[in-house]
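A single chain, nothing else alongside it, follows as structure tokens in the form predicted alone.
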């Protein structure tokens, strides 16, 4: 008789083949059901309550997934895919989740029919490559100076958000903000962080302002320093402005009382020498990411020089970009060329916090949006939305390619992939068709969330895509009409659709290749 060989520790659980796939796919389907109803202008909100009772109400897919406490490997993979899209594009997380889950559901149906996962994953790879090529061929090429297209993209990104009522106002504001920070390097997206969003109470969101400068949450070092400085010459430094302590313990023996005063005078001389450097250059404001002693702060205040200390690296970067200054470590090397300029530097209290505001900067590469609203929860939701919209506008400016939203691009891709599948033999043809069906899940969800008839509207949408000129026919769920969404200004970055297809197909193929789950003793089986 043969003796079984045991290679796994006692208590290890093993899940094979169909059950393993079912566990992973069910976990991803559960995540999808959480965010699916948020898609589109008429999507629903989710109320999330954390362990301490704080409540968040949002319909932002990325925010919902970030707040969910997920303890599942497959579901976490889905969440990471969604996060990557939010980081790389700023929008489209819910779309990616829906598409990925639909790919897996369709693949599971094929597997249940006896088809091995290998031709399915190969078919999905063929379909994804073809879809990306189609997008490259049909996407509309635009100029980064086309403000109408940029504002249309901004409005579309806000259609499903809580601030949709002021989308025209915010579209203009965000486009102006992105234009301020953009350069000639074609990498505006990486500079979105240079738009600082400062929340403050106000009557309505329409009171929100774009500041040609930057807000930093800091109070002045000394209360007697001036509150307003006109035509400010600003030194940005990384140097502790205090008496430098030695690295070694030392004792000073003083036998004559007069020596005490000499010692104190020597310490004062060090600070006076620092002060002279600033005075000789005409510096009126000091920005420092190191400490400034109270004594030196009093010296500065007597000379009418304002200062802030202990700024973070991100704040230092924002200031230098706004005022066009160089950061200096050695005070003795500080020169006129290193100084920044602002027409107005003002210290003010916003709500409960102290801020320093730099405005009237020459060609600023860092600006601020003073976001105003009546409720904290509205402000928090608006802040998240504004960041997403800024990212979308920046991505459109960088890539210079857009497509029509409202499901138009997905219906057109599905149509062309079905034509492509007719030229493929074998089981891969079934996988390509399954890929096309998954793409249609996105407009189908838009229609369902708008309370419209799925079968009727999907049939009408497919029929509307007859020729090349019909490629942008989609559903406008605000008016409940099917028409040319590009002409209506329902626009999104082509890069967003590219990312959805790449990420969704890669995740589906990765999950489908898993045919065994081995769980160590004490671990929770994935998918449950």
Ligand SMILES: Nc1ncnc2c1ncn2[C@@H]1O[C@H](COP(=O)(O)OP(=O)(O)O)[C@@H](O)[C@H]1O
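Positions refer to the first chain, counted from 1. Small disclaimer: the values here were computed from a predicted structure and weren't measured.
The same protein also has a form predicted together with the named molecule, omitted here; what follows describes it.
Residue contact check for residue 478: one or more of its heavy atoms lie within 4.5 Å of the named molecule in the predicted bound form. Heavy atoms of residue 40 reach within 4.5 Å of the named molecule in the predicted bound form, making it an interface residue.
The shortest heavy atom separation between residue 159 and the named molecule in the predicted bound form is within 4.5 Å. When the named molecule is considered in the predicted bound form, residue 95 lines it closely, a heavy atom lying within 4.5 Å. Listed residues 342, 431, 287, 446 were compared with the named molecule in the predicted bound form; 446 is the one with a heavy atom within 4.5 Å. 442 is the sole member of 442, 402, 393, 214 with a non-hydrogen atom within 4.5 Å of the named molecule in the predicted bound form. Note on the interface: of 119-127, 344-352, 159-167, 308-316, the segment with non-hydrogen atoms within 4.5 angstroms of the named molecule in the predicted bound form is 159-167. With contact defined as any non-hydrogen atom lying within 4.5 angstroms of the named molecule in the predicted bound form, the contacting residues in 484-501 are 490, 492, given in sequence order.
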